[in-house]
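Quick heads-up: the structure tokens below are two forms of one chain, split into structure 1 and structure 2.
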Structure 1
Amino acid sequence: MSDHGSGAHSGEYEDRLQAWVGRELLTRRFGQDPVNVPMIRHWVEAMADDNPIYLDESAAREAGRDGVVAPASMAQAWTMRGYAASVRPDGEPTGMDELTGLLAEGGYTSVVATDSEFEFERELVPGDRVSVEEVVEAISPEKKTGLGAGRFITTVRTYRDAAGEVVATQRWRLLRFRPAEKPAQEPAGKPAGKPEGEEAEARPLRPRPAINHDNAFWFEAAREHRLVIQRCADCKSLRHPPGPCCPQCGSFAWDTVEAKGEGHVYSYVVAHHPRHPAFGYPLVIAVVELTEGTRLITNLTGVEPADVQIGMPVVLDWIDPDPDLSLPAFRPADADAKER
């Protein structure tokens, strides 16, 4: 069974990496200019945002403001260093430079931004001075992504005004990855003959599972790459998909067992249309029957759609489409045997 969670690195490297969690990458730094109308005008023209409260004093007052306000999403713009600094970096390495170096040492030389989540505390107005500081929140275990194996680096940027009050926070996530030599193994198939370059496009997030009291345990275990099966604590019968009550004996008490990760293809679909941007097509979706007896809907990896057969023995694999979602997938058991 593969174990993509720990990657190929030593514990020592992992420790050095995880030591960055909680550390400051950027100490509080003010933007070069205060919030000002000319920059707001450039921004809203470029964004084609015709909301009048950004430029028209009377419209802003009618909307309950004291005067014009800056677009919330400009928070980051006020603290950017500008063109000159980006092409003529000053000699002093920042925390970010150090962390980037450490990731490159681990082979993670490529980067793509994956998420930016803002929370806004108040609207900025002309004259406000805005500062930013940045702290590392999390560094994921190595994940297998469509771009290659990599780690998600999550940081929190805090934007403050001159008085030090928080005006916005930004959760910023990068994937630092080892570029795959060939298109990464997609769960479920890639169209034959598709140019390799296209394979490297970052995809939108897969549809989120709706997590509730009855199913959270399963998705939490999946994030740890454990495929669990719900078991009645009284009559010991297994059930999937999970539910609050045992249909065999009526007991509400349950625990889980960890699946061995072996089974066979019970049925499958090769999806072509419509295409959801989170997936590669043709997409193989299967119902796999585990040796424990329960079935689950899953994806197949490492097999061309035309080679899938009902009854085909498969073994557990894992896919990590994004930092918050890990899902069990299965690959042909034969291929596994050949690899060994």
Structure 2
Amino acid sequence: MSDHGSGAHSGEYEDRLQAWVGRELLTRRFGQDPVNVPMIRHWVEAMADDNPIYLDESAAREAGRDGVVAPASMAQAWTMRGYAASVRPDGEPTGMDELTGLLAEGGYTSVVATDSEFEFERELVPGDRVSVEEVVEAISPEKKTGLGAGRFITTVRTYRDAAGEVVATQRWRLLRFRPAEKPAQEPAGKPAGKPEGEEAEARPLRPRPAINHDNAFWFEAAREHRLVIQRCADCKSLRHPPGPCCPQCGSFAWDTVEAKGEGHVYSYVVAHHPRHPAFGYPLVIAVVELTEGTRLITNLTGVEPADVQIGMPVVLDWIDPDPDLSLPAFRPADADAKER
């Protein structure tokens, strides 16, 4: 049994944690590159944001700007360290490293982001050099959550321009939690291509999906072995994954249609590592485009990884790893035809 619980509730440990409130986690650090149009272009294309003030000089001037501006939500992107710095850190410990170590001492070794609140002071323009600094605003007492006992860590990030003027602030809240004790694991692993249902009892449960008010209907239908697609009740556009608002017309009214269960492999990967004991490996994870036009991420069954091809026709299958979970999967359509 872990004894983290007693230490995490001791007065001495609580004092050490609360001493971090108001302390600096990140000393002011500039982003690698100034605000620039190529990165703005990448962002708006990825977000499908067609506001012309981000790329069209004349449209920006007509809207009262001196020229193009960066999307406000890119503020954080300008200060990210990039891939190289993430995989090859400089070795200098930061305040965040120290606080993370203290939280791990109390058993809070897992983390999930909960929310982010931005306040913007002015729009960023090409050429701006953006810096970020971060301080701890609050550390909650231990809370019981669905993920386990944990603490909410609230920090404030301040974004400044080269002159030191504040351009944005971000209140960032994380849940650092103590993961539940894992039960003894039974031998896992089925041969590649073997149906998911076989030997499922010898494995731990699959990770639970994050179910909320927006997607509960989808998982309820899956329990009945029905693959449904959310449809805007106004413009009739189909969308997946589910969401509260239609991205085409902005309507909050929706219903569903049941998919035929046919499609093709749009893209796929074969996962080898890291391994989770609930799955058999190698594991084929695909993006399947349904005949209705929407896409979903799913597993492929009944096929060896070497036989998967982009564009391969597939049909609906179901994975029932335990009595409380059913998930759609897809298998090669030609295998179905051969069986008939």
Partner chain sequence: MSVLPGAAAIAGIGATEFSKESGRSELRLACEAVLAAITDAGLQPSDVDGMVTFTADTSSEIHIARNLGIGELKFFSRIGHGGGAACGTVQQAAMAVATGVADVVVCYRAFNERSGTRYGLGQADRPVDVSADRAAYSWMTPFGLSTPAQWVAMFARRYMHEYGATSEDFGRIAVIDRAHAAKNPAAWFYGRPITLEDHQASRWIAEPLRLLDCCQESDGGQALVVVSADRARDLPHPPALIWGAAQGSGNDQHMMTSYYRSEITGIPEMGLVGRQLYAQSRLTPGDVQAAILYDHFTPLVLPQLEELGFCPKGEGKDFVADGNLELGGRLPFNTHGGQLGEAYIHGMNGIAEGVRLIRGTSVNQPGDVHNVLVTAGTGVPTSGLILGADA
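All values reported here derive from a predicted model rather than from experimental measurement. Residue numbering: structure 1 sequence, from 1. We call the rigid core the largest set of C-alpha positions that still match within 1.5 Å between the two forms.
Novice: If only one of the two is the form predicted in complex with its partner chain, which is it?
Specialist: Pick structure 1 here.
Novice: Look at N36 and decide if its Cα position differs by 2 Å or more between structures 1 and 2 after superposing on the rigid core.
Specialist: After core superposition, the displacement of the N36 C-alpha between structures 1 and 2 stays below 2 Å, so no.
Novice: D161: after superposing the rigid core, is there a C-alpha shift of 2 Å or more between structures 1 and 2?
Specialist: Not so; D161 is displaced by less than 2 Å.
Novice: Look at G127 and decide if its Cα position differs by 2 Å or more between structures 1 and 2 after superposing on the rigid core.
Specialist: No, G127 moves less than 2 Å.
Novice: Keeping the rigid core fixed, what distance in angstrom separates the two C-alpha positions of K236 between structures 1 and 2?
Specialist: A shift of 58.8 Å.
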